[in-house]
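Two forms, one protein chain; structure tokens for each follow separately as structure 1 and structure 2.
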Structure 1
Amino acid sequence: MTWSAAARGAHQPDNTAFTQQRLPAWQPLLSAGIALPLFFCAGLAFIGLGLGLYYSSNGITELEYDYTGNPGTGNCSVCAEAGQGRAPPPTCSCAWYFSLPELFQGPVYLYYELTNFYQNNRRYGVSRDDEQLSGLPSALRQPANECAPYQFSAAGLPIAPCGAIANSLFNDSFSLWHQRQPDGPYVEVQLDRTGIAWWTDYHVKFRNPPLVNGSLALAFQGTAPPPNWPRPVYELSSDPNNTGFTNQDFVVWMRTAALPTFRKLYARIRQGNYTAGLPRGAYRVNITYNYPVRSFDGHKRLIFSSISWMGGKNPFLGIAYLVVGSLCILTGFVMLVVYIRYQDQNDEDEDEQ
């Protein structure tokens, strides 16, 4: 029997590179020649990056004040004492005075920080109704079960916005006053309360329900505010663009934090004379102290921070880069030693052979 190349058997497999597992391939062998430069280069790059980050982070100034009101820590302790054990706590004001010896480089951002606050608790995190928040009328009347026990009010009305997150909305408020001259009057520094939420949140994710007769209040008719709220959701702000579900404070709060310690943006300072930052002088922050945190050993802080290209002050990232970069170079040297040592040996072995 002769079998020419043409007369293939019916069952003969195809002789292609793929079927025969002979695909052209590159078998990367990380030799010393590649690995060492790689490590040195990476190390250098990281160190450079780290230095940059470190310095830009150092260039950022941050001013922080804990206004929790633990006894003996300023005038907020009064409010803290007052609010003890009452819900809703009575309205109480306190203030934080500080002075800037020089210009606080702008743009300046005002944050509040809460600690030991478990926004990432599962029960807390799921206790919201995104459908309701996206403005679906049906969901407005019939909040999701996850919202329980803040699904319906005691009167049986659907709660809008429902759920524990909304219910626990951070309701301290701050106003910044600047004293240009010593003993001069305090001038209120305009806080820009818009643009603090993610654009997508504010524009897409959170929508008010369709207006009824042009009125948001009518749209929310038949719903109850969350139990902790002193006023309904459509009265969160007087600004019609910043009220209801699209109130930016609310939106920011609804974006839950990943960790028990978190900061949330409260306002930006960028208007008027304060575009370049806070000029030197004395300042007072009036704090409306509403939010109780001492029951769970939490802290409330106020933070003024400037930002750079890399965001807020974050020395850790730069240091981390510096460490990693140096380690890379160190490893590179170790490898160099190892290679020199054992390469010789191998060569000798080969010579012997």
Structure 2
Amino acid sequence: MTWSAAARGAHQPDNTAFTQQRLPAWQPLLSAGIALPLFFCAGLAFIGLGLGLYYSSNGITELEYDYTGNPGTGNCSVCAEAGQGRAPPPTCSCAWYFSLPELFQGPVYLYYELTNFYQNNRRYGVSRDDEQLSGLPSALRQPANECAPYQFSAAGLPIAPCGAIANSLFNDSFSLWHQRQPDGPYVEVQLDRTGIAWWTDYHVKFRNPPLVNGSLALAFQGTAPPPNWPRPVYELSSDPNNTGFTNQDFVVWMRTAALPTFRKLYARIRQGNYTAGLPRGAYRVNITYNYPVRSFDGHKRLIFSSISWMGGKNPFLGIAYLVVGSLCILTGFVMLVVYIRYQDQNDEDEDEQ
């Protein structure tokens, strides 16, 4: 049988503009008149945005204190020495005193910062059970294998929450006190610990298991806390709406950082006489020193920071936009010089012909 163009085979596509690739198409030819303005406009746009981000970041006020406790760096060194080589370290308290000569413009956010802590380690990052954290009773009794060696306790009980991330939960605590008048008493500044986690994490990813007879403790019965935890997960807070897997501090910690130096939000200061910021005066931060970092050559810092429309202090983003914008404009000028040079040469060749 001979093949005929008129005969339509079983696998021959329909004779339409789409199937036969006859649709009209636009194939741009990037001439110098089109490419050069694009480079210059993109460069100017990036530089403008970069300047805005950079100056906005520089306008953010920060006050930080390293309370790692290295020898000779403050009273937290006593706590660091007391906990050296002891697991878990003993409970210890220290304080940070500072003064503000003028208003620390609000809104004020309190962060803790850790250095040399690699939450982006592959083995560490997968050491969790998302089904367990979403409140599934079956996952509560049978944690995922990725949680090993923090999957079951020495007594054979399932660990809740399981995994290395939960086991390394940051557990230092802070309270802020303000001395309004010289030689006057210190008054505690209320720290707002609510709403510090991402909305999707708190409302979607993390759920407590169903209550048993109205009790969260009974829901976790038959499980064990992580080895480094002094108490079970259902006792993380006295607030029934902020305990268990939905505890705000726990949810914030479980969102792992991409870099070895990172900050995590601890509280916001926006109540009472401090809605506009921290007034001038003397302050004291009481620190409950629990979290050991000297074993991995890390550091711990407390940071008071204001914010802007772009968020917290981050000069890198503005610098990155400025660099990209400058490269676009530089590339545009190089292309312009090359175009003018070879354009004149082409004109001379045409005149000779």
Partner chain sequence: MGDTPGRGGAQRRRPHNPGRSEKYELRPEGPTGMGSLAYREDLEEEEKNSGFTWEVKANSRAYNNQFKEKGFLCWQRRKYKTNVIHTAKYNVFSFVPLNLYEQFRQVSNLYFLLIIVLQSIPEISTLPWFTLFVPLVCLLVIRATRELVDDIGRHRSDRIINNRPCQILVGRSFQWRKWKHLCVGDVVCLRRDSIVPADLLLLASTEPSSLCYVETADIDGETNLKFRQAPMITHRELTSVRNMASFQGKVVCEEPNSRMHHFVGCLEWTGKKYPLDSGNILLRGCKIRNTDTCYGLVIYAGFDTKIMKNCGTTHLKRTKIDHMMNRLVVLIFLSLIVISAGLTLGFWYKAKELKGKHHYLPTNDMPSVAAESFLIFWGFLILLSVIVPMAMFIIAEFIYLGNSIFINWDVQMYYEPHDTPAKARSTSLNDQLGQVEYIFSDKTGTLTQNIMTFKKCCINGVIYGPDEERKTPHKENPYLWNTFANGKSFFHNAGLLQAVRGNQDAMVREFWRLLAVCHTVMVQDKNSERPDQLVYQAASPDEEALVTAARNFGYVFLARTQDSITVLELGEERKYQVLAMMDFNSVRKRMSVLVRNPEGSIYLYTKGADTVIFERLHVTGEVEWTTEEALASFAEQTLRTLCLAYKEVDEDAYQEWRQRHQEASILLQNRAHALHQVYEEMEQNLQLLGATAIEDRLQDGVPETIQCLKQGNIKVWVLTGDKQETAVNIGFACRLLSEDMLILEEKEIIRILEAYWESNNNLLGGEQCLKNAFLPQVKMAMVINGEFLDQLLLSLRKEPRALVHSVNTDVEEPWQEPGEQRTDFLQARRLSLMWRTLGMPLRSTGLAPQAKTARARESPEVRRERAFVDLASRCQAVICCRATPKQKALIVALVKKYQHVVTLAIGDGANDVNMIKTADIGVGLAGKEGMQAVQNSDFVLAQFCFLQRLLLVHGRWSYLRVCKFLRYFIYKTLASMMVQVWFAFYSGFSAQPLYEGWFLALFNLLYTTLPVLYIGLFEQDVSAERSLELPELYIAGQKDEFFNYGVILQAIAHGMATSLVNFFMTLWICQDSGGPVISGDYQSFAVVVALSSLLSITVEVILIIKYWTVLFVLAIVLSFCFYVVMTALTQNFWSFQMSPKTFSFLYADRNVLSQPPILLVILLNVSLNTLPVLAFRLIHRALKKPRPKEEVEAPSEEIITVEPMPYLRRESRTRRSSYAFSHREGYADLITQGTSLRKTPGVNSDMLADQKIPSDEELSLSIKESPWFSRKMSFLGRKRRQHRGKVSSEDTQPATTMSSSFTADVQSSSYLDNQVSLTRNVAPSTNWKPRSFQENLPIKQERSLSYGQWPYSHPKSLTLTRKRPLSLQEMPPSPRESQLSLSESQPTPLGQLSLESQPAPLEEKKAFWSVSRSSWKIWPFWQKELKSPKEGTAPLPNETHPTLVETTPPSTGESSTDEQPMEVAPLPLEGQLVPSESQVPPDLGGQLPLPHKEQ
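Numbering for residues begins at 1 and runs along the sequence of structure 1. For clarity, a rigid core is taken as the largest C-alpha set superposing within 1.5 Å between two forms. Computed from a predicted model, the values in this text were never measured in an experiment.
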- Task: Only one of the two shown forms is the form predicted alone, so please name it by number.
- Result: 2
- Message: Could you check, with the core superposed, whether the Cα atom of residue 328 shifts 2 Å or more between the two structures?
- Response: yes
- Can a Cα shift of no less than 2 Å be assigned to residue 51 between the two structures, given superposition on the rigid core? yes
- Compare the position of the CA of residue 317 between the two structures after a rigid core fit and state whether the shift reaches 2 Å. yes
- Note on the structure: Core-superposed C-alpha displacement of residue 20 between the two structures, in angstrom, equals 8.9
- Distance the CA of residue 32 travels between the two structures [rigid core superposed, Å]: 4.7
